[in-house]
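Shown next as structure tokens: one chain only, the form predicted on its own.
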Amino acid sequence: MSEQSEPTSKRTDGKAYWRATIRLTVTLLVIWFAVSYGAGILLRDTLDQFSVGGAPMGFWFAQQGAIYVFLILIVVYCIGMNRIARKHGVEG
């Protein structure tokens, strides 16, 4: 009886694992797009009203801010994937 139920539970855990992985990946990609394209290009004129370190904020986002956010997103992705793997019992 337990042998029959084990593949079903593994399949369910696999689906939940991939669903959580895709949700995390898509969320981080949307943030990356919003920061790099939105703040650096679309909202540049609005953000240029403010300054960061003497540079207009829109320019700063296009040149440095998007890179900083990208590095933060890499750390968030690593932490998030470790949590998801632990939660679903996946070893990598």
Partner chain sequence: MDQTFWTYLFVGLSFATYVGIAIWARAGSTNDFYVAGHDVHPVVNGMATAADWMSAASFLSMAGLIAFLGYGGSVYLMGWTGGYVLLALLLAPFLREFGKFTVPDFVGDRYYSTFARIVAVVCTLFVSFTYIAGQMKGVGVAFSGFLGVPFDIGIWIGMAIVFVYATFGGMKGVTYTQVAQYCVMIFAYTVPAIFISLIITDNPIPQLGFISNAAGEDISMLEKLNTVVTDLGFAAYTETDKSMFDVFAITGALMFGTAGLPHVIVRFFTVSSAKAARVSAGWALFFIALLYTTAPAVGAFARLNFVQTVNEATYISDDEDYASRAAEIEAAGGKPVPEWYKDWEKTDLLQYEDKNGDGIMQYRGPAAPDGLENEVTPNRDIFVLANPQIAKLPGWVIGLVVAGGLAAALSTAAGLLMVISSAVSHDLCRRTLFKNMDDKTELRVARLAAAAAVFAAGLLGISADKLGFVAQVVAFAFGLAAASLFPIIFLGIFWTRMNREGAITAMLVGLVTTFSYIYYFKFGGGTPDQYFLGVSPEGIGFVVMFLSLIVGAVVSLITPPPPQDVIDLVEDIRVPGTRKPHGSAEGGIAPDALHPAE
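This is a predicted model, so every value here is computed, not measured. Positions refer to the first chain, counted from 1.
The form predicted in complex with its partner chain exists for this protein as well; it is not shown, and the discussion that follows is about that form.
*Asks:* I'd like to know if F50 sits close to its partner chain in the predicted bound form, meaning any non-hydrogen atom pair within 4.5 angstroms.
*Replies:* No, no contact at 4.5 Å.
*Asks:* Would you please decide whether I74 lies within 4.5 angstroms of its partner chain in the predicted bound form, comparing each non-hydrogen atom pair?
*Replies:* I74: contacts its partner chain in the predicted bound form.
*Asks:* Test of understanding: in the predicted bound form, would A20 fall inside 4.5 Å of its partner chain by heavy atoms?
*Replies:* Judged by the heavy-atom cut-off of 4.5 Å, A20 is well away from its partner chain in the predicted bound form.
*Asks:* Which residues, if any, of 54 to 69 lie within 4.5 Å of its partner chain in the predicted bound form when only heavy atoms count?
*Replies:* Contacts from 54 to 69: G54, A55, P56, F59, W60, A62, Q63, Q64, A66, I67, Y68.
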